[in-house]
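Coming up is one lone chain in structure tokens, specifically the form predicted on its own.
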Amino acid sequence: MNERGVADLGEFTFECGESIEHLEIAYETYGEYEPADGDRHAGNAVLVCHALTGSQHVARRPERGDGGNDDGSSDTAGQARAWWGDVVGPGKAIDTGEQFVVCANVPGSCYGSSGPPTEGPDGEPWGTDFPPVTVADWTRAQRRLLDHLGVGRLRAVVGGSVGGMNALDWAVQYPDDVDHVAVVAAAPRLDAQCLGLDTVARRAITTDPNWNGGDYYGDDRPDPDDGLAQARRIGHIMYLSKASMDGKFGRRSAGRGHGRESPDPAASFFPYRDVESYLDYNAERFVERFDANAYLYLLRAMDEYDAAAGYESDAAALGAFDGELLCLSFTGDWHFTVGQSEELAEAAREADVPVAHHVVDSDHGHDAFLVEPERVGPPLADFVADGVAGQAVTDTAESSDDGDEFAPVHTSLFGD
């Protein structure tokens, strides 16, 4: 049964120690739920975890047709476009005709779940009084939501980017609750370069005079759109590879007469380049749909995540997980690299967790998991169905424990 709603999960204590009386989680479900029976370990429930600025709207709903309703008229949390509509849906890799799919907007976001823009105890938006959130909080909130929906053990948890961190956290926090965990274009933690770029993005928002310490809600106060737009420009550069940017834009000019005002008096002499146009267009669209405080909260949650926190190593963190793990990485992704995925796969091997590291050769960068469904779909579909033994699933190891051959990946992809 396709359903969308907002669940009141009652009092919730965040990892920071602060509590709120009512945690509300916006969610969507697709398909019919079949609980576990005597013939299989788990039922057909699949939890999909969204990326940094995604929403619960992961798949196109049947009433809109296969093309979706992408004209901006959707009533789904202010985001019209199904962010993984080519991967999740009837007959797709994660087949909602066979699986019961749940996607929940994480706490701290701005698509219907409790977060900075939602109403606090005083009737005003929480702003920065909302408790700091972590990826672990997202996972616990999802477990509470699934309990609310009557869903027990999961066939799979699948997530991309920081959603992949969220999926990995399920293997750590709830190792007995899921058969298959797919970590797509993600890693156990961010590296220093990404932490640094996220710092610049946060500074862009907090130094915008309109941010006002996070208190900018209300018709009489302007939003910090300039700072949020700049943060998003930084994000888009991180999501593309050098090769994809060069191929897509090069040094081509969009022309001088673009009509954009610039504080730089010399700007009119120089060309307005295609890459500038792309970044400006996407930044302008982003500020129309996202909240600046929510962006700060979610960035911080991603930055602070470390799968080994409280453990001696990643392998120790995975030691209790009794399911199977898929690491899916992309050669052109420098946000979450192939090397980082290989390190996670090695940790799983050390912990005796059945694992496959499937590498996709792609120049699209981090965005590959969103824009190349034909490359992402087959290994995901077979992993959800059959685990690491799935026909389309390959591994960087030359062979698995049972002797099946996998395609090796050159060690130069793993860095130093």
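This one's a predicted model, so the numbers in the text were calculated from it and none came from an experiment. The numbering used is simple: start at 1 and walk along the sequence shown.
What comes next is about the form predicted together with a further copy of the same chain, which does not appear here.
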item	value
Complete contact of 170, 173 and 316 with a further copy of the same chain in the predicted complex (any heavy atom, 4.5 Å)	no
Contact label in the predicted complex: residue 140 to a further copy of the same chain, heavy atom within 4.5 Å	no
Interface membership of residue 282, a further copy of the same chain in the predicted complex, 4.5 Å heavy atom rule	no
4.5 angstroms heavy atom contact with a further copy of the same chain in the predicted complex for residue 101	no
Contact flag, residue 209 vs a further copy of the same chain in the predicted complex, heavy atom cut 4.5 Å	yes
Contact assignment for a further copy of the same chain in the predicted complex, among 119, 223, 322, 303, heavy atom within 4.5 Å	303
Answer option from 345, 194, 146, 178, heavy atom within 4.5 Å of a further copy of the same chain in the predicted complex	194
Candidate stretches 101-109, 178-186, 267-275, 151-159, one within 4.5 Å of a further copy of the same chain in the predicted complex by heavy atom	267-275
Residues in 209-240 with any heavy atom within 4.5 Å of a further copy of the same chain in the predicted complex	209, 211, 213, 226, 230, 233, 234, 237
